[in-house]
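Next comes just one chain, in structure tokens: the form predicted alone.
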Amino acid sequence: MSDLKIALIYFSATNVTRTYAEVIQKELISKGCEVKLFDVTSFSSRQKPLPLDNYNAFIFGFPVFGDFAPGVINDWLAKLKGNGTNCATYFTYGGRSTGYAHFHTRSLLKGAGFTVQFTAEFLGRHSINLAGWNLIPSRPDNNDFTIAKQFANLAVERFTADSAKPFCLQTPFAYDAKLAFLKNIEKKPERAPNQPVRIQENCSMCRLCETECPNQSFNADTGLSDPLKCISCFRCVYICPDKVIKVDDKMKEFYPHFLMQWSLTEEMAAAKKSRIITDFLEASC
């Protein structure tokens, strides 16, 4: 029986990252670990303090939005206090790239006092498939889940090692410029040009769209999202039980341009594989 008590913390707008969290949790439990899932997707969930002192290891799982973890998560991570505790990260993405997410999130966690041992990236259907795209709609699959189980086993190994070396990454090319660009466009309404809206009146007013919104953007009474707050995660679209929240056709029209811009095809995206990253640099970083 392992004495590991692991907090597995995830953000999951369309349940891809959550699915991986559940697979990893199940595998860790089979190895004798005590594992608690913490869903920090909604705004309200991130206002509650995490019982960090109750755990001796952490796993953080986030989707990749525009080369980084979601901005609301980046802001939240900086407020945590890791006190040197070991952790690992994983990122889910829809077939293009994980961008700077590994490096940037590791930097935030290091600044918050965590020791990042390793990371991983897992494939999952693209969130904008809800708006008419078609990137890896059948992922994750069994091969992805196999890598997720390997991730869990490596977590046990690294978290219990006497002298594991912390994971480290060299600063990626153009990282600083990309981060500055991202922070600049997040201040403008254009950053979320296709906010979800309620398009039908037969709504049961369950208000999930409002209470589960990651950034307090969606207003259930008006059926509109705030362009200054919406992060285009499409959580409201995904969880609406009445299926009355949609995104307009502009996202679908942009799809061919997106593929061309990134020299990507649906076949190329489908051929990508989930993977674990354990490389580190000897130099302090």
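Everything numeric in this text was worked out from a predicted model, so none of it was measured. Note that residue numbering follows the sequence shown and begins at 1.
The protein also exists as the form predicted together with a small molecule; that form is not presented, and the subsequent description refers to it.
For the candidate set Q150, T211, S97, T160, a heavy atom within 4.5 Å of the small molecule in the predicted bound form is found for exactly one residue, namely S97. Taking the partner from the other structure, the small molecule in the predicted bound form has a heavy atom within 4.5 Å of a heavy atom of S232. Contact check for T14: a non-hydrogen atom falls within 4.5 Å of the small molecule in the predicted bound form. For S127, a non-hydrogen atom is located within 4.5 Å of the small molecule in the predicted bound form, even though that partner is not displayed. In the predicted bound form, the small molecule stays beyond 4.5 Å of every heavy atom belonging to V247.
Annotated contact segment (heavy atom within 4.5 Å of the small molecule in the predicted bound form): 85 to 93, selected among 85 to 93, 71 to 79, 196 to 204, 102 to 110.
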